[in-house]
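One chain comes next, on its own, written out as structure tokens in the form predicted alone.
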């Protein structure tokens, strides 16, 4: 297959956070030698960097390898040219995200922080207007919030995330004209769900088991909080079991995301030295989501929510911004695309072995 060179690709990538230093790479192979993803005939991440330098845009959009990288940072630490290959993978994932997004909104938000902030403000104003129509009554607001979360989940999943995954499938499998055995779709489905909920490939980053444990606990906390609030109506339940499960998963979210914020602020890790605004928005809003949910439930149990409705109001604004903007168009999608990238990679191998 022939690939057309796109000289503007490097300029496009620079808008997604990558530092221009990556162009200094002269393919010494150090990054490939230390990367745990390197296998026989797989030059990771060197092959991707070379394709970026050559401007093979059409080839790169069909590649899932950048999603397999968990940014342990060893490649950047050992690079003699300080070309930051790990950061290139991170920026390249943002670029792939906008390629999958059929709406074009992700491209706008990644390229323009003011546009994203304006959207956040508009969502907040929308919630305030709804609060006015509800006379800021706790019962009415919480009933609305419960239904709002449920409808947003269904709408975002069906109208944005599912079509984006289908676009990803088209780029990776169909565009490459791969004939995947039907059984491969089924046999690899279990690993898809395992990777989706555990992100176990973090363990390939040697000596960083705690990072995986933290990530796993956040995923458990986030998904648990989602289920307990949307499907068990946590804020209005009388079930002691549901209440305490909610407290536990809520605490998992804000405690460990706070640790993520501290680590990103310290910039001690290689993976935290360069932060895109989307990285900050993701961890800070996830922290706020867990914290405000936790405090809201405490106020409900104490019978003080009516006089402190502003806490739930902040929570509702955070939920709305999270569900309408960060989940479909921000870094949250990396959680989804990474698991499916592993799945599609397995399908590609099955097709090539056929």
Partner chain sequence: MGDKIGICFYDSGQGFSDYFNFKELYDYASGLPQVTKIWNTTELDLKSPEKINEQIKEVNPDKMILAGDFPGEIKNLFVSAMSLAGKKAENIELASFVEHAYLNGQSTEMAKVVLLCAIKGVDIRKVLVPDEVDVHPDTLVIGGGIAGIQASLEIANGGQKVFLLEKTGTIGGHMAMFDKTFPTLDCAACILTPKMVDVGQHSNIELITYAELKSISGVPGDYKVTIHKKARKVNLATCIGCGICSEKCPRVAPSEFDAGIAMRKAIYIPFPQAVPNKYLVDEANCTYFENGKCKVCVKLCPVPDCIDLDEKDTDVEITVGNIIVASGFKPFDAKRIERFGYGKFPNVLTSLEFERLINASGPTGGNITFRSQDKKGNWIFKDGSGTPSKIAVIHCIGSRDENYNKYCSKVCCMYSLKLAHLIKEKIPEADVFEYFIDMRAFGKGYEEFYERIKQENVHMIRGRTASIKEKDQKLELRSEDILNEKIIEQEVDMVVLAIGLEAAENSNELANMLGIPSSKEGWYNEVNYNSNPVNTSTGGISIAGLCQGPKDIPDTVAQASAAAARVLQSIIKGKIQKSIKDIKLTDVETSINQLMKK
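No experiment lies behind these values; they were computed from the predicted model shown. Numbering follows the first chain given and starts at 1.
What comes next is about the form predicted in complex with its partner chain, which does not appear here.
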Report summary line: Exactly one listed stretch (322 to 330, 65 to 73, 299 to 307, 24 to 32) reaches within 4.5 angstroms of its partner chain in the model of the complex by non-hydrogen atoms, and it is 24 to 32
Query raised in the report: Taking 4.5 angstroms as the cut-off for heavy atoms, does residue 79 touch its partner chain in the model of the complex?
Result: yes
Query raised in the report: Taking heavy atoms and a 4.5 Å cut-off, does residue 57 contact its partner chain in the model of the complex?
Result: no
Query raised in the report: Taking heavy atoms only, is residue 38 within 4.5 angstroms of its partner chain in the model of the complex?
Result: yes
Query - Contact label in the model of the complex: residue 43 to its partner chain, heavy atom within 4.5 Å - result: yes
